[in-house]
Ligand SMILES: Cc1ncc(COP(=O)(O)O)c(C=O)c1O
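Okay, so here's just one chain, in structure tokens, the form predicted on its own.
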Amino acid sequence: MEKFFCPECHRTYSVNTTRWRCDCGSPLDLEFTPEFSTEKILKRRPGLWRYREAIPIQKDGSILSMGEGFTPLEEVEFNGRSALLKIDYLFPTGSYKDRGAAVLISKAKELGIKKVVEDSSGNAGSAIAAYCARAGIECGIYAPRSISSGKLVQIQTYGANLKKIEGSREKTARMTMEAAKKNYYASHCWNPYFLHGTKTFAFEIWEQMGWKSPDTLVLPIGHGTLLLGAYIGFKELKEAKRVKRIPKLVGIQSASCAPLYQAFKKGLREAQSIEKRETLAEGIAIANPVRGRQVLEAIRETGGEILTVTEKEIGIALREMGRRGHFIEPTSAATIAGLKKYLRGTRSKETVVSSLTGTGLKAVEKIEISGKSRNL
């Protein structure tokens, strides 16, 4: 039976509720048993919902879709070493966050929710706003005023009530939590339904690789919603005996804001509060990740690691991917910089998958400024 459960104190709760965290203060996980029928999957059109029996939405009539999912898996080469890239900036709103928003807002529709609030550095806010527009659900997005203007315009274009907050990403989150006392909190980091959307990243790779898992995933980590989703997805496939192992998870952080890297290196269970510096990779500039402990546990369980990249390395990767025909946002470039760093020490036969998580059209000003300052 589907239910919320707390990984810290082990309380359980009904999923037919607007609850977004445990009484002990911990984020909740979702207890759900997926099914994987390759026969059914192959009969459906390419897209996120082809894995219908593995996605926790009870009624088909609740499903919201704009054709998202099943993005290309492209082979690339960096200094003689190959990797595969999921081109997730091809989602309807320009980032992988549509995976989580499609499932989370479908659940909100199923619950009869009329209004939601969310805090975001841009991409999650855009995705939640877009799917709320499709569902006819009122949407309030709280975002730091300092984020890329393209993302702010995008959120407003979907009809969301955008609240620009002066101050840090953390202050923005606190103000949203206050609003969540009266409204459904459609949080991409607190609400587990979001992770059960991002887990489709794993299902698509599984299918695109001939029903196998890669050796390694190299992914960005701010709150870690893509990495945790991939972990959940491959864990479900392993438990269903569809794959033999969960890939090694390698997380990438900006050196200017790397609380999870520091915790990993020190052998800590969870990240400690840090003072972050300005970084091009605004999408992963999270000083206090909500599910930091779970991210660290997943990486350690799979024998993975966390790497950091500098602002210079991000700029170089941004320019290099442009020369390859991919206009990506700096957060995606940070991931590529980390991927290149990881590939230097890989085995020749290791299958490595990473992702281009967001389009550069969301951050044109930052990219332009970066190019001028670095003569890119």
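Heads up: residue numbers just count along the shown sequence, starting at 1. Values in this document were obtained by computation on a predicted structure and should not be read as measured data.
Not pictured, yet referred to below: the form predicted together with the ligand.
Residues with any non-hydrogen atom within 4.5 angstroms of the ligand in the model of the complex fall in just one of 50-58, 66-74, 329-337, 309-317: 329-337. Exactly one listed residue, out of L249, A108, L226, A202, brings a non-hydrogen atom to within 4.5 Å of the ligand in the model of the complex: L226. S121 is the sole member of Q154, T302, S121, T172 with a non-hydrogen atom lying within 4.5 angstroms of the ligand in the model of the complex. The ligand in the model of the complex comes within 4.5 Å of no heavy atom belonging to S354. Although the partner is absent from this view, P220 contacts the ligand in the model of the complex, with a non-hydrogen atom inside 4.5 angstroms.
Contact check for G283: a non-hydrogen atom falls within 4.5 Å of the ligand in the model of the complex. When contacts are judged by a 4.5 Å heavy atom cut-off, Y96 counts as touching the ligand in the model of the complex.
Annotation for 44-80: no interface residues with the ligand in the model of the complex [heavy atom within 4.5 Å].
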